[in-house]
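Next comes just one chain, in structure tokens: the form predicted on its own.
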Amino acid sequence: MITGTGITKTFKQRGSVLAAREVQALRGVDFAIPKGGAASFIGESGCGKTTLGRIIAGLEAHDGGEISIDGTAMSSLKPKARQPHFRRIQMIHQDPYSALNPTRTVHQTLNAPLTLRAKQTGRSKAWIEERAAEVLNLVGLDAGSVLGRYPHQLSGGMRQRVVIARALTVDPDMLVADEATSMIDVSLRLGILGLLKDLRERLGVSVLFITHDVATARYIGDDGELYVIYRGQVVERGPVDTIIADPVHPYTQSLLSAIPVLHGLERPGDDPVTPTETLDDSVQDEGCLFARRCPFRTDACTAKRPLLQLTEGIPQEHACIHPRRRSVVAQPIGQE
């Protein structure tokens, strides 16, 4: 449905002496999300995954590269002509409370986009009410008991379901879920994840899940692709289960080795991959972006930056000069 080629994004920040400083959020990212498919972006905070999600949803402009929706290059269209394309891609934000207007009831929240659609398509007011109830039922909420409530009268899980319902009012072809369960009680997270998976199966919508949690990424898109992002670059890409079972890039191994497991269930293999240096953004890296934190680095790693590539015998793409499939050993709980 949507593809991206060489997407770059740079932000300008001001330091303590008001000197402009550029921060590269994205460094030539490629991606492809099929119709009805699923993809997950994972990485630590500040890696650029949310920025990439906002660019895909049309909420942020990118500096370079090309985004195409159904084969149409967005750069070939004027801003107004792009709006119908990006309207098909709706974003579900991390905080369900701040994503909703606290002075509007659920009915008013859903009524606004539905009224606009009714005017564009010549629908009646009765259709607006019917559609509002329908989208609430789709997300597992009872319209009769929810429509008259304000956000503060709903639980965190219910608020997130209302946010999803609002996204469904425009019949999107794709949902971009940015850490959609991180601010919800743990006991309610599985319900939201199950809802997104159910919507994908029932409505055929594509789902892009942005997270730092490998387990949720696997649950949402067990048949989709996983994009591991580090400092604005995709360092590993491939089927979710393949990457989790046999990570190639040291950064992916670092993420997976940080997951605690029960004592006695560890997998045999190498020692856990852990960061060895504190990241200093003031230093410009000519080679691999992860080299200063990688325990497997060599002089070749700092000479030239590797790009995504396929290596014989390794099913997933990776950006590593010395790829080696390593079984990640998670640190047992309560063990040194």
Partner chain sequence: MSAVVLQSTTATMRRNFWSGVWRVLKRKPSRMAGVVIIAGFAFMGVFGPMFFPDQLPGNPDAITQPPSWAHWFGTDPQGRDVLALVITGSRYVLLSAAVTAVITIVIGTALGLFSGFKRGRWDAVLMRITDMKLTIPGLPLLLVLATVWKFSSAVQMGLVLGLLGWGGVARAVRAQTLSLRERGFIEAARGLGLPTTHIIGKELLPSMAPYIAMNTLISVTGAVYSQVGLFFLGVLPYESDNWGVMLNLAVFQAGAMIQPYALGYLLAPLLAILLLTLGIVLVVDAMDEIFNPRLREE
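Residue numbers count along the first chain shown, from 1. Remember, it's a predicted structure, so these values are computed and weren't measured experimentally.
One more form of this protein should be noted, the form predicted in complex with its partner chain, which is absent from this view; the next part is about it.
Asker: Which of 67-75, 202-210, 99-107, 231-239 has heavy atoms within 4.5 Å of its partner chain in the model of the complex?
Answerer: So the stretch in question is 99-107.
Asker: Counting heavy atoms only and using a 4.5 Å cut-off, do E225, H249 and A303 all touch its partner chain in the model of the complex?
Answerer: No, none of the three is in contact.
Asker: Scan L59, L307, L310, A32 and let me know which has any heavy atom within 4.5 Å of its partner chain in the model of the complex.
Answerer: So the residue touching its partner chain in the model of the complex, by this definition, is L59.
Asker: Is there any non-hydrogen atom of H85 lying within 4.5 Å of its partner chain in the model of the complex?
Answerer: Although its partner chain is absent here, H85 would stay clear of it in the model of the complex, with no heavy atoms inside 4.5 Å.
Asker: Just checking whether K125 would be counted as a contact of its partner chain in the model of the complex - the rule being heavy atoms within 4.5 angstroms.
Answerer: Taking the distances in the model of the complex, the answer for K125 is yes, it comes within 4.5 Å of its partner chain.
Asker: When the contact criterion is heavy atoms within 4.5 Å, does L116 count as touching its partner chain in the model of the complex?
Answerer: L116: yes, in contact with its partner chain in the model of the complex.
Asker: Is E130 close to its partner chain in the model of the complex, meaning a heavy atom pair under 4.5 Å apart or at it?
Answerer: Output for E130 is yes: heavy atoms within 4.5 Å of its partner chain.
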